[in-house]
Structure formats: C-alpha cells, structure tokens
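Just the one chain here, laid out as structure tokens, in the form predicted on its own.
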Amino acid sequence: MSIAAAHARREQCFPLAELHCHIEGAAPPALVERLAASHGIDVSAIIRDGAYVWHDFTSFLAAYDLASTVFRSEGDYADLAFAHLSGLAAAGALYAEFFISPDHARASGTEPDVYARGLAAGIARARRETGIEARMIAVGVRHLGAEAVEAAARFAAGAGRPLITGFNLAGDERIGQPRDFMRAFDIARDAGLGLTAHAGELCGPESVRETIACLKPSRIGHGVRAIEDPDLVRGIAERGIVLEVCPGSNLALGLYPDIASHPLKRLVEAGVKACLGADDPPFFHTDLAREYRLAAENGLGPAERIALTRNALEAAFVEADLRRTLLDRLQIEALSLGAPGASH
C-alpha cells in the first residue's frame, strides 16, 4: 500500500494512536504456527483452531512466553513488526509504540541487538509502505528479578538504537515491589529515555501509588485500579500522568464484568489524561480499533475519543518535531471527519 493509498484509507477511519502493546503479544497465531513448524516447536498447547488458548493471567504469561520463542531471526522480527504496524495503519493509526523484551529475545536464542535490528527494519518498511510512524519501548520483566530489569535498562540505554526511546516495567505485577526497580529506572532516566511502568492492573491502587512514588514515570500502563482511591486519581490528574488504558485486556482478564463497569469514562471525567492500547491483541481477541469502539460503548463521545489520540501523541516518547507533525495530521484528519474538538 502506498502512502497516498494509506492516507485515502484513513479518511474513512477514526484517527488512532497506540502507546501500549507488547510486540510478541501482537503476533498473529497463524504467523506463530508457521514459524513454529519451521523451527520444530510444538505450539499446539497454546493455539487451537487458529486462536490462543489460556485461562488465567499465569497461563496467559506461559502462552505468551512460548509463542515468543518461535521468532529466531532478524527477518522473523521484521515480519512481526511489519504485520503489526501495517494492520494498525490500515485501521487508521497515525503512530504506535510497542514494547520489546530483550529477555524474551534471549529465551528464543536471539541476541537482543539482532532482535532490535529486525524490529527496526519492520518499522522502516511499515513507514515506507503505509506512512505510520513507530518507536520501541524496552521492558524489564519484573518477575525475572531486579538484576534482569537493570540489564534490560542498560540495553535500552545503549548507543546505536535510535528507535528505542523509552523504558518500561512489565511482567507479573504481583511479584516484587516498585522500590526494587529504582536503580533500573535511574539508568534509563540518566540515558534520557521516556519512562512508563505497568501498575494497577492485577494489583490495587497502592501499586499505582508506590510505582509513581518510587519510579517517577510520566505514564502508567493500565492504572485503572487507581479509580478505587479518589485521592490517587486527583493526584494523577494534577500531575498530568498519562494512563495507558486497555479496556479489552481488562475485560478478557476479568478485571471488570463488562464495558459499562469499566472506569475509563470516570477517569476521564476526573481529569485524568488517558490513551488506549490493545496490550496483546490476538491473545485478548481485540485490536486498537475495537478499543476505541469499547471507549464509545463506555460513554466517550467523538471529541473525547479524539482527545485520547491527542493524549497519546502528546505523551509519546518521540522527538518534538515529529510530535508536532503528528498532531497536525491528527487535526487535519479529525476535521475531515467533522469531529468536534479537532483543534489542538
């Protein structure tokens, strides 16, 4: 698809942006099965009838880890990034960040530098063919321990990786305390990387509060459990901390019984800056366009959904000139849809 064709397609789409998606978690089951067959890996326990199979957060992590082992070469990772980003572009996305895990690369027998180069090649191809812009956020996996998270931070801070612009804490939120990862975040901060951290998903508002106090990120991944503490919500709003909200993921994991119960609209009404992400789209039977539809079902009108995209672009870990370009594109596309509140 040419850039002109992509732009023509977007005129029919709501303008989207995404800051919260794990790249291995975005792998289509068909791609995982094809690569698994070529490498002699049995994935039948986690993929049935073309869909991922899991039953709780622990089994989800196990399925994610196994699926990630089928990616072995620079070309494999390039194909993964291109498949993800070209799909987003076709849905109307202007910009995307995705999380990369050097620990998962090593687990598949791939050097992290090869991993990052392959993903960067996929980003470059997607930009050429669709016009979408993208950056990578390296993650430390908390359930692997503080030393592993610090090693991931040193990798993210290394020279020669211009598309890695941020650092994140991910993994099982129930393991470890935010203070355990302060050194890793100091390493990333000193390197000038943007900072975000998962909190307030499986654990309650105290997880969000302690993560903000100890790690001082500008964004929180998920953060929805903050709604249980009105003082915390006020503090998040006053400090301008952005919540990367993933309603489809929250529903799939049983945090809320239905979209009417989800706190997205209440957070927005409280003045919190939120944006949307699909987290691990095929695992949770979602995609970014569906996340925006869920936001509409939760009660957010067109202007509020445009604001979610604007929040994402304003909070993106990207250079200032590209941010201005993306915000200008958002304004043009919002106006073309006749969306209220299109100006910024």
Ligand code: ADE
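Numbering starts at 1 and runs along the sequence shown. Every value quoted in this text rests on a predicted model; they were computed, and no experiment measured them.
The form predicted in complex with adenine exists for this protein as well; it is not shown, and the discussion that follows is about that form.
Peer 1: Counting only non-hydrogen atoms, choose the one of 163-171, 181-189, 120-128, 212-220 that falls within 4.5 Å of adenine in the predicted bound form.
Peer 2: That would be stretch 163-171.
Peer 1: Can you pick the one in 262, 135, 198, 225 that has a heavy atom within 4.5 Å of adenine in the predicted bound form?
Peer 2: Filtering the options by heavy-atom distance leaves 198.
Peer 1: Considering only heavy atoms, tell me if residue 30 and adenine come within 4.5 Å of each other in the predicted bound form.
Peer 2: Heavy-atom contact with adenine at 4.5 Å: absent for residue 30.
Peer 1: Residue-level contact is defined here as any heavy atom of the residue lying within 4.5 Å of adenine in the predicted bound form; does residue 62 satisfy this criterion?
Peer 2: Heavy-atom contact with adenine at 4.5 Å: absent for residue 62.
Peer 1: At 4.5 Å between heavy atoms, is residue 280 in contact with adenine in the predicted bound form?
Peer 2: Taking the distances in the predicted bound form, the answer for residue 280 is yes, it comes within 4.5 Å of adenine.
Peer 1: If you apply a 4.5 angstroms heavy atom cut-off, which residues in 13-52 are near adenine in the predicted bound form?
Peer 2: The stretch touches the partner through 22 alone.
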